[in-house]
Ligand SMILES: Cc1cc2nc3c(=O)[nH]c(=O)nc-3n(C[C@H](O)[C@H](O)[C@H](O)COP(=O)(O)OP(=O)(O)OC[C@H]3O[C@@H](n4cnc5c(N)ncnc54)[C@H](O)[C@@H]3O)c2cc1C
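For reference, the chain that follows is the form predicted alone, supplied as structure tokens.
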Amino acid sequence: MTTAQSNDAIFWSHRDNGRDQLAPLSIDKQTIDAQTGDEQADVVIVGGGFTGLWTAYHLKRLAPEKDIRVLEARRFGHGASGRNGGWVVGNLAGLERHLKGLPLAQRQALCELLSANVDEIGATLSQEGIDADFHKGGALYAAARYPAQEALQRGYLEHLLALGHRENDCLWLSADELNARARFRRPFGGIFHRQVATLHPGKLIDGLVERLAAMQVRLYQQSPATSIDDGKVTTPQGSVRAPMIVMATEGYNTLPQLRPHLVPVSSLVIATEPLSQSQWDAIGLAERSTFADASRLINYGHRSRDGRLIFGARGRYRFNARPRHQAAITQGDIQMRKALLQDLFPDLGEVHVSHGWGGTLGLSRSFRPHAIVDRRAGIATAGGYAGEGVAASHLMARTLAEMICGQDTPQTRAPWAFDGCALDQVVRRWEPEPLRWLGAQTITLSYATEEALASRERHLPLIGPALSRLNDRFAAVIE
């Protein structure tokens, strides 16, 4: 019988006495106090996830004299940063919306910036002594379950190259070449994207918190921002005034400034117990590449450093934009993901799922990430990562820090950087309920129907192409 830990622990493992153990993060011990009293700072950051912590880190590196405070409503890593699959992707979801109309040389330079971001994360972790299991093994985007997936992946390769990614970083693999890297059920071929890594999100959060404390950044847990107004962040027991306030809450925001622009979409992940060597021999992944197959109902996985399979799939939107605060997921959710994982790797055999967790990412109406500094209002924000936030949050946080400090860099000149703009000028507002919920349900049903038809390899000359064209329109509806 498949079971999973059903507490509120973040992630699938945590280093303890030199061993990888299944346990909550050490910062769960509430060693960081809540904010109290009325305070003054140079910068106050609302949100203790990757965006907030990386912004504090880069600000302190650029301007060590700045007094920086970070306010987290619950505990560091409670939000999207604590509930993901650990992919560090050298790309951005929605990147084509930023690059539209730019000459090829400029697109290539921006793609180089995204690729370099992956290596910079790894180098920073090494420099700061943060052991977050960083491993750059690339990504396998596979056509691995039914024939129609090959055309989808070839189309995605054309898309990556058209964006400006280098050909030697985005390679087509034949069925045999794909099979040599990972033994999927039905390998038809796929893409190898070199600029992708993995890390352990919990260890990254833990390491950043410890490093920021050593850098004299003031960190507060259990300190929700009840309001942001006139240069002041109010909490239940006090306030912090600052000439610059950074809103870094992503999908877990309750702030009226952000709620119309970002909606929470949940993603659910499972982790197996460490596999035996014979199981790894049967399915491959010796280089610990990440993997995903060509499905509109996204799935993603990788082999962790301690020998587990981490696998996530099938996000959903909850009525009235409700974020997911509980970490545990149901047995039904676990079984569905386990079945899909075993469908991808039939030679895997029976596995025990030790952990299942779920969380919420923030999806912007413009479906493109952004870093915004509104100097007139004294407010900055970043988000809209659409599921690729582990790497994107670092890049956007660095961009925010450089903009706040008035620097002229490749990041601050990038098309996702908006200096001197208000949020309303950059990110559109979502439609009101129930339109959002009805739209999400319709799109999910249509995607699932297309997937079912393709997986059964049913040739329906009228319905199949029409449904595919309809789903192409759905995919573009938020441009």
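Just so it is clear, the structure is predicted and the values come from calculations on it, not from any experiment. Quick note: we count residues from 1 along the sequence shown, nothing fancier.
Omitted from view is the form predicted together with the named molecule, to which the following refers.
Only one segment in the set 69-77, 372-380, 126-134, 159-167 has residues whose heavy atoms sit within 4.5 Å of the named molecule in the predicted bound form; it is 69-77.
In summary, among the residues A182, V240, L110, A225, the only one with a non-hydrogen atom within 4.5 Å of the named molecule in the predicted bound form is A225.
The contact residue chosen from N117, N84, Q153, S289 relative to the named molecule in the predicted bound form is N84, the criterion being a non-hydrogen atom within 4.5 angstroms. D306 falls outside the set of residues with a heavy atom inside 4.5 Å of the named molecule in the predicted bound form. Although the partner is absent here, G389 lies within 4.5 Å of the named molecule in the predicted bound form, judged by heavy atoms.
In the predicted bound form, the named molecule stays beyond 4.5 Å of every heavy atom belonging to Y141.
Taking the partner from elsewhere, V269 is found to have a heavy atom lying within 4.5 Å of the named molecule in the predicted bound form. If you take 357-375 and check each residue for a heavy atom within 4.5 Å of the named molecule in the predicted bound form, you get G359, T360, L361, in sequence order.
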